[in-house]
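The structure tokens that follow cover one protein chain in two forms, given apart as structure 1 and structure 2.
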Structure 1
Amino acid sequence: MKRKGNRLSRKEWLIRLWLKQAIGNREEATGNKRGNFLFSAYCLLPIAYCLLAVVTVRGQEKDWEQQWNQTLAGARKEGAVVVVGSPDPVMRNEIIPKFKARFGVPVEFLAGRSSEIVARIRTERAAGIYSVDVFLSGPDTTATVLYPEKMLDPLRPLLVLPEVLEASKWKKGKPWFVDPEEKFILRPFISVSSLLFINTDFVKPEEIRAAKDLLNPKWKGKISTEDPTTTGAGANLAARFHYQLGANFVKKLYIEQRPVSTRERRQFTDWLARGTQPICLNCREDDVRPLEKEGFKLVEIFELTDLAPGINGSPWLMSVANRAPHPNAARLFVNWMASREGIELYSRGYGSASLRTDVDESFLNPGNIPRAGVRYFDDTDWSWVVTGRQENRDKVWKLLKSR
């Protein structure tokens, strides 16, 4: 971005200089041979500059095209790219067939819960086996296992596609690497996360304006949550409540209000639709959307007056395994995944707002798109994931065990 910024200002400076010289000197130099020569020279200067720019760009194009073609040829020779992540319908239904059709390289996707993935990779590596090329993993696994245990290679140098590198294609002015060294872990998504969902047949939106409204005795037993006593979205939200609203609020909400908890996301989505528990703390946008289409009056609440709205990097952060068995295929895959096509597939599949500027957002719930000037709580923020969340989660667990 800096390099690009400097080039632009140099161009501006040249144009200004040329205008000053040309116009100023023209007046002075009318009828003067030297002045005419200078004038012609000034006229030719931008043309020469343009030519130079074209040649340079062509050169760069040739350069990336060459790299890209080499990568593609290498990937085809390697025969596959091994990607690891959570069970993922977008990967299964969209990415695998599209990537194969486009590049002729099959995607071998290993799905599992993060704990299973971690167990597998650690054991493999202890035995000297390196089977994975690319990780599409959640922030916890990425920040607390993959990065600190040095399982990754820098991803930034692998990005070659102009549409991936071009500053104007990213809302942050560049691809966002979230790790402390800013080169290993790419975050392509930034969605406003819902705080809760309500079924308006049972709960009026004006009844839940603030987080403290959830403590109304009227809602006792009417709130569902993913089990906050174990790792997962339920505990993460409770940790956030603990951090932003304090221990007393958590105690009241999770103990006194007797929320109904489950580990099965389908269960609380169904409860929400049926109105058994018309307030859902951890329902997912991609689970609720089909029910909204069926006519259920379900509303996603993004903001509460006493709680800063949140953003997250769902569905995944992308990183490349070190000693990847298919380095070219991995490079091909990460470039394509970071491109408009790859990101848009996930954006549509999960209803997540991306960080790319060229991804169609018309299909998104406007509430999911972060607004300028609003201060958000970032649930995928590195230090929050590594320390803050864990500390608050531990405090929540201690509180809940004391009930």
Structure 2
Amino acid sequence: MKRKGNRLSRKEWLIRLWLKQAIGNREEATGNKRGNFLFSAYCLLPIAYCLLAVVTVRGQEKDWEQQWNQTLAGARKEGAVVVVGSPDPVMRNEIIPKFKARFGVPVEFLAGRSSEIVARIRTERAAGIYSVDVFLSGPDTTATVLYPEKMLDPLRPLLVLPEVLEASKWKKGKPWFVDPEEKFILRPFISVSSLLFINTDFVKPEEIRAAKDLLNPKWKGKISTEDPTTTGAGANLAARFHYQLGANFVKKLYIEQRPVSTRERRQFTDWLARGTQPICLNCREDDVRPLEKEGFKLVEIFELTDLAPGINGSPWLMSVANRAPHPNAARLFVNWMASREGIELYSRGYGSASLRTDVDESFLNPGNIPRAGVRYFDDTDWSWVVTGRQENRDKVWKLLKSR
């Protein structure tokens, strides 16, 4: 029985009745009605509040369980959840099988480059087709396309699991919604970002202590990068270099050093392992780790003396599509994905530190875990993504076109 307007629930009414009777019984026993009323009320109110708190908590527990069971039943009836993201072995090998085993709901994963997927979604929506439920996308796509083009529904109201909502489970004291309205886009990760990888059979760690060491003529043609002239990780890193180190550094690195670029991420790690390009600016840790296990001497570099260390929200920001075709399955997925189990699976597989306090981080590279007292450059900061990065990226593109 819920409270309506100023009416009390039945449980609250019974507690107040108990309090009134308890005070009345004490008055009858002592004969001092006014004095004992005040004394009794003072003594009994804390007990009453505790009882009311217990009732409230139990009511909330029952309420979330009811919502969760209804969501699960609805998701199974819908039969699937459609998730968009980048090509990711963690998603395919860990998340999808575990989610289906846990809830009996298949995940249809649409993987590809963000620009291509966004173009497809725009075309579908123009035709009145809404095929996507959940976005696990990078900050550029999320902040400059999905959010401003109003493709999203609020995510915050969909969270129901106590372990997702409990403040103590998050390093920031709450789930971190990074959009201006603080309700659409959840950021579950905060990891120190690598600046580059090296193959120590060809490059000694002491040879790359500062960013300027990349400009050594001996590394000409020996550096690989994702194509910096198109939107993506290559252009994002170049924009950061431009912002922190200036146009002259960017010109020397990306033009005079003749780095080898590609849009195929697996090509980077192949070049890195073979030593044809033993310095990689945009290799991903989840691609490099299997090669390390095979015995290749690959080292991830997080800090350079002339460049502020950075953090980011990789591997993704999470949001929910509006007019989702499988709303219950979407709710089920985002709650589980933000839970300890979901985040820990991704953290372990991808190698990123999370914002949850209950995730085991012992398996992470210590360099990935932010240190207290260090001022980091946040590459996923909303204002940087929306304005600063774009401004510096445009300057980089203009500079590279002039070569």
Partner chain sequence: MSSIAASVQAGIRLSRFRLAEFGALLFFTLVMGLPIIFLLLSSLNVAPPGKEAAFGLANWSRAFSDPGTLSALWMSFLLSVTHLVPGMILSVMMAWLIARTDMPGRNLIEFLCWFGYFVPDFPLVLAWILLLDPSFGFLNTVAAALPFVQGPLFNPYSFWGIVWVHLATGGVWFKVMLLTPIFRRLGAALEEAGRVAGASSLTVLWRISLPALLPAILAVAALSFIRGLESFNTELLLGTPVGIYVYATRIYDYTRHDPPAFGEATALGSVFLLVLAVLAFFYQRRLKGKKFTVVTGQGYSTLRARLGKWKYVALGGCLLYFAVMMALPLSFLLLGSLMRRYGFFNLRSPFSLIHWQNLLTDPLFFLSLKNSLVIAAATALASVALYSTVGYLLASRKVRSAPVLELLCWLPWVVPGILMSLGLLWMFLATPLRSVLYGSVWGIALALTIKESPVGTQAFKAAFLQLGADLEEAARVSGASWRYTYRRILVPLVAPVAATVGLISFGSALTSISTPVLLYSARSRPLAILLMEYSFSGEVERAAALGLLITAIVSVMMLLGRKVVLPLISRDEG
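FYI, numbering is relative to structure 1, first residue = 1. Please read these numbers as outputs of a predicted model, since none were measured by experiment.
The form predicted on its own corresponds to structure 2; structure 1 is the other form. Hinge residue for the rigid-body motion between structure 1 and structure 2, chosen from N312, T71, T141, A238: N312.
Between-form comparison between structure 1 and structure 2 treats the chain as two rigid units and finds the smaller unit turned 11° relative to the larger, from C-alpha superpositions.
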